[in-house]
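The chain below stands alone and is given as structure tokens, in the form predicted alone.
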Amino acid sequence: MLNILVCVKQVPDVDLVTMDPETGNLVREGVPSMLNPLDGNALEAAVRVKERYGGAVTVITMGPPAAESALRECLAVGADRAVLVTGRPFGGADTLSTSYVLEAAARMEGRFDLIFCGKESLDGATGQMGPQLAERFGATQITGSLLIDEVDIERGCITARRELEGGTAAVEAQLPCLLTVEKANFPARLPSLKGKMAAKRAQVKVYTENDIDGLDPKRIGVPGSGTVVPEIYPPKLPEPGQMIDEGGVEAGVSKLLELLSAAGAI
């Protein structure tokens, strides 16, 4: 049986997030949170592997206590276990610090044959988490996974098709393997009533900074982050363009020259 890990994140609804014009910070207060949609695709891929080959799926996230709701969403659609890593010292972490904490917490749950991640998160969109976790787990990786063709448990390998700029490629990798998943072929499934009820009753294991063996406090949260964001600001938009429709080519060119001359461009 396969032991499968899915790394997920709870993100704010980016369509409702605003920016404080004075501080340049994102205003998250009062904005509803949700499971990162691309992580839902990764979970679907993991659950399909479990259904085909057998095994168990563990979902893990790092975030505030409210992130438990995202884990229960995962339990409702096929995950078997859920782990929440939470605590104030983890706050302000970048991907370097987050991947360190997630790997350390996941090892408390055992060894994993397959690790699934979404392509990226809606709020950060760096695409760094999957490759960083592959390095920390000492796993092979298949990024941009479109389809999973076969998991050969006896040989300890997986074959998947990944997206390339000019097409696709079939890739075989040894287990343990981390896959980042494209959404095209893995739409997130809807939970059944039975799944919702079971998820509501399920236990979510919680780890704080004091519960993870060997955790280095200098490598978590802000102290462990290699990047610092001094300012966030909206891009300055250029002046809107002007459509020229004078009813003919010559009239249009004449109007364009007139506008360029008025603007001092010619």
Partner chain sequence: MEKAKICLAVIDDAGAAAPLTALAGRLAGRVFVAAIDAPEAAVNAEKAWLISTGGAGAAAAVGAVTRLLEELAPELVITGAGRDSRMLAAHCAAALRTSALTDADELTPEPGAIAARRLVYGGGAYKSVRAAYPAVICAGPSLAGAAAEAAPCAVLEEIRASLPEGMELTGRAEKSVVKVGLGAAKIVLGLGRGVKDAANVERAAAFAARIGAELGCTRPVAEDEGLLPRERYIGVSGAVIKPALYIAAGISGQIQHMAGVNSSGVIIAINKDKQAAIFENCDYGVVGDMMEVLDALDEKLS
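No experiment lies behind these values; they were computed from the predicted model shown. Numbering follows the first chain given and starts at 1.
Separately, the form predicted in complex with its partner chain exists; it is not shown, and the next lines address it.
Each of Thr95, Glu120 and Ile142 is positioned with at least one heavy atom within 4.5 Å of its partner chain in the model of the complex. Shown alone, this chain has one stretch from 107-115, 171-179, 80-88, 188-196 that lies within 4.5 Å of its partner chain in the model of the complex by heavy atoms: 171-179. Although the partner is absent from this view, Met1 stays clear of its partner chain in the model of the complex, with no non-hydrogen atom inside 4.5 angstroms.
At the 4.5 Å threshold, heavy atoms of Glu135 reach its partner chain in the model of the complex. For the chain shown alone, Asn210 is not a contact residue for its partner chain in the model of the complex, no non-hydrogen atom being within 4.5 angstroms. Within 4.5 Å of some heavy atom of its partner chain in the model of the complex lies at least one heavy atom of Val229. Proximity to its partner chain in the model of the complex, defined as a heavy atom within 4.5 Å, singles out one entry of Pro217, Gly54, Pro65, Gly241, which is Gly241. Scanning 155-172 for heavy atoms within 4.5 Å of its partner chain in the model of the complex gives Thr159, Arg162, Glu163, Leu164, Glu165, Gly166, Gly167, Thr168, Ala169, Ala170, Val171, Glu172 in sequence order.
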